[in-house]
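Before any questions on how it binds or moves, here is one chain, the form predicted on its own, in C-alpha cells.
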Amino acid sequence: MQEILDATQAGDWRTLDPKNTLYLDLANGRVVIELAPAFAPAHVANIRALAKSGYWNGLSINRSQDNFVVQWGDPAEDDKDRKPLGRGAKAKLPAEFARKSDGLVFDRLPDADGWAPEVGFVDGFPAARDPAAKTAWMAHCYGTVGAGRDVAADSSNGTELYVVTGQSPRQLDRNITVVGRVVQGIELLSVLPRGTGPLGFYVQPTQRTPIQAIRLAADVPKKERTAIEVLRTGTPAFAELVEARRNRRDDWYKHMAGHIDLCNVPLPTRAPPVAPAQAQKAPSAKGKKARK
C-alpha cells in the first residue's frame, strides 16, 4: 500500500474544503471531520450555524459505548436546562437518511455487499446505492459521523453528534442521518474510557471529556488550520490500492481473499508535501572584471 501511495501524483490528492471541515478541539488534540452536504444538506447547514455560534464550546463528550460509538453534545436531560442553539440554527430538521442517486459520481467497489446492491465511494465518503430505486446513502463505517435522534425519524437537529468507534454497524444505514466522517484524530475518541451507564453514557459529570471548541476550518485563521490532503477515490491510484487490499500479495499472506468489504477500504490522508526551496543563485559575476 505504501508503495502505491509513494507513486501517486499531486493530482491524485485533494485538500479539504474549509467550509465543510469541522475541527473538534480537545485538551489532548484535534479531531478533523469532513462534512457531507451532498447527502445531508439541511443537517450540515445547521452544524455550520451551530459551530459559528460556538454552541458546542464548553460542552462535553458524554458517551463512549464499547464497540459502537462516542457521542457529544449537551448533557442536560431536561429541555429547559439545555443550551440555546444560537443564531441561525434550527430546532427542527427533516430526516436525511438517503438521497436520489442522480448526479452522484459513484466509484463502485467490485465486490458484493450484504447491506446494499452496490457500494463504493462518493467524494471520498463510503456510500451505498440501489440502482433500481435510484437512491444512495452513506454507510456506517469506522469514523462515520452521524446525528443522534429520538424515535421519530425527523427528531435530529445536529446538536447531538456521534462517531462510529467500533465494528461497522451497517444496520444503522438509512435509519439515521449521516453528516460526515473523521479524517484525522479518530484515535483521540476511540481510546476514551467506556461509560458504565446504559448505552455507554457516563454516570458522573467528572467522567465526561470537555470540548474546548468545535469550529469550521473556514472560521479558523489559516496558520491555525490542520494541513491535510485526502486521496481521491476516483483515481487509478485508488483503484490500485483497493486491489492491493483485496488480494494481499506480500510474503506474509498465504491466501488471497479476492474480496474486500466497503468499511475495510482505507482512505489515505497525508500532510501536503513541502515544496522544495528554490536553489539559491550564486552571485552573478556579470559586469565585474574577471580575476586572474
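Given the structure is predicted, the values throughout are model-derived calculations rather than measurements. Throughout, we count residues from 1 along the sequence that is shown.
Same protein, other form: the form predicted in complex with another copy of the chain, not shown, and the subject of what follows.
Go through 209 to 217, 82 to 90, 121 to 129, 163 to 171 and give me the stretch that gets within 4.5 Å of another copy of the chain in the predicted bound form, heavy atoms only. Every other range fails; the passing one is 163 to 171.
How about I186: is it within 4.5 Å of another copy of the chain in the predicted bound form, going by heavy atoms? Flag for I186 set to yes.
Is it the case that I176, even though its partner is missing from this view, gets within 4.5 Å of another copy of the chain in the predicted bound form, heavy atoms only? Output for I176 is yes: heavy atoms within 4.5 Å of another copy of the chain.
In the predicted bound form, does D66 have a heavy atom within 4.5 Å of another copy of the chain? Residue-level check for D66: yes, a contact with another copy of the chain.
Does any heavy atom of P221 come within 4.5 Å of a heavy atom of another copy of the chain in the predicted bound form? So P221 does not count as contacting another copy of the chain.
Which of A76, A153, A133, V105 has a heavy atom within 4.5 Å of another copy of the chain in the predicted bound form? Only one option qualifies, and that one is A153.
Mind listing which residues of 253 to 271 have a heavy atom within 4.5 Å of another copy of the chain in the predicted bound form? Stretch hits, in order: Y253, K254, H255, A257, H259, I260, D261, C263, N264.
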